[in-house]
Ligand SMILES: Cc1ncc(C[n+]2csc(CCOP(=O)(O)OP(=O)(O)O)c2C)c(N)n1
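The data below hold one chain only, encoded as structure tokens and taken in the form predicted on its own.
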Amino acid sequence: MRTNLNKIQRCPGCGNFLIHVAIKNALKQLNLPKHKVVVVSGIGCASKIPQYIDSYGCESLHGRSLAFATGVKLGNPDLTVICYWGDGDGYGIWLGHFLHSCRRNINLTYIVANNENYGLTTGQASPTTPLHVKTRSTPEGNVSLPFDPNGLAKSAGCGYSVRMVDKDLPLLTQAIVDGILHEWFSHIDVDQACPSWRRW
């Protein structure tokens, strides 16, 4: 456990600020003791969140945080486990972990900060980038159909899969509360602002 949390390192206007506040609000609303909470992240703009939540936490390998979080939950089922990724990490690098987590239905909460690009590496197209959008990796426009994360989750067996927007803090907080209280795997896809790279 940390007594002094690190200085937050995000671009001004980043939606991760609001998602971070919503997670903290949800934990406070549920009155969860910090030694009973584990926040696991991957790599990317979203990945530093374990440094900013006063609980146990881990920044795991790129695309592997759901596997790590599953191990934490299986090792100690009494813990509240929150897994926090970006869309590139979660829907791109290791999509298989996401689909199999939905199928296995282990009781953890998976929150994806979906800014529709790889923001940390300067705005390349991700699996959720809209068609025809020009990015650093698609200068002529994206030609790949974007994923429907909630449709994928539900088709793989996820019973709680919702899409929220970062700017609606009360609704996002409630979605996280509901996800944590859901007895099985829960998936929250958050439409996240990225003023540095998401300009469409």
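Sequential numbering from 1, following the sequence displayed. Keep in mind it's a predicted model, so treat the numbers as computed, not measured.
Just so it is clear, the following notes concern the form predicted together with the named molecule, a form of the same protein that is not shown.
Heavy atom within 4.5 Å of the named molecule in the predicted bound form: which of Ile43, Met164, Ile53, Ala156? In short, Ile43.
Within a 4.5 Å heavy atom cut-off, is Phe98 in contact with the named molecule in the predicted bound form? Phe98: no, not in contact with the named molecule in the predicted bound form.
The named molecule contact at Leu79 in the predicted bound form, heavy atom, 4.5 Å: Flag for Leu79 set to no.
Answer with yes or no whether Val72 is in contact with the named molecule in the predicted bound form, where contact means some heavy atom within 4.5 Å. Answer no; every heavy atom of Val72 is more than 4.5 Å from the named molecule in the predicted bound form.
Closest heavy atom of Thr121 to the named molecule in the predicted bound form, within 4.5 Å or not? Judged by the heavy-atom cut-off of 4.5 Å, Thr121 is in contact with the named molecule in the predicted bound form.
Any residue of 134-162 that, in the predicted bound form, places a heavy atom within 4.5 Å of the named molecule: The stretch does not touch the partner at all.
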